[in-house]
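We begin with a single chain expressed as structure tokens, specifically the form predicted alone.
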């Protein structure tokens, strides 16, 4: 099932399918480990809900919700 990174709940993981941000932001995210095909998880939300904390390649990354909404992820279907 396809979602955006923003739609993940705390503790949920998925694989990054595409990053639809501008080139500069995409390069910065990739340098932090947010690369297409990498497993990413939503760790927790900050008290006001923006930004949220994600984990990719053992790196904790705080992303604003507007950026997280531009990252498409694939969530494994549980049967």
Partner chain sequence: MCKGSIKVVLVGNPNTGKTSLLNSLTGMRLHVGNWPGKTVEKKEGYFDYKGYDFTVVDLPGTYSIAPYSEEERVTYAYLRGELSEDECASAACHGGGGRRLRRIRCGCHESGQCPPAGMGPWTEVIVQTIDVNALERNLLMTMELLALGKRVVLAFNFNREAKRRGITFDMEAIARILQVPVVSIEANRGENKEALLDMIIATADKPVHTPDYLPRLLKENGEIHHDDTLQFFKEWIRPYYQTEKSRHHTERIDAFLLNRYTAFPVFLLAMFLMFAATFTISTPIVDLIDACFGALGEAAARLRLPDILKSLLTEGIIGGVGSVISFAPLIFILFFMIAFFEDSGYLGRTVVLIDRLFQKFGISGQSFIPMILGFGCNVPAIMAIRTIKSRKERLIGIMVNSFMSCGARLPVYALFCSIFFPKNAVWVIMLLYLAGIVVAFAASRVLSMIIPDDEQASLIIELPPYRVPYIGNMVKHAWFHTKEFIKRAGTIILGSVIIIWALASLPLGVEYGSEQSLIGSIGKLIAPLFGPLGFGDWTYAIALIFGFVAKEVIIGTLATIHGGGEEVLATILPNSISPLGALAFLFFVLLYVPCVATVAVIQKETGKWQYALVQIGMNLTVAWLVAWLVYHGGKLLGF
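Numbering follows the first chain given and starts at 1. Computed from a predicted structure; not experimentally measured.
The same protein also has a form predicted together with its partner chain, omitted here; what follows describes it.
Its partner chain in the model of the complex is approached by residue 55, whose closest heavy atom lies within 4.5 angstroms of it. Its partner chain in the model of the complex is not approached by residue 12, whose heavy atoms all lie more than 4.5 angstroms from it. Contact check for residue 16: every heavy atom lies farther than 4.5 Å from its partner chain in the model of the complex. Residues 15, 24, 25, 27, 28, 29, 30, 31 of 4-31 are found to place at least one heavy atom within 4.5 Å of its partner chain in the model of the complex.
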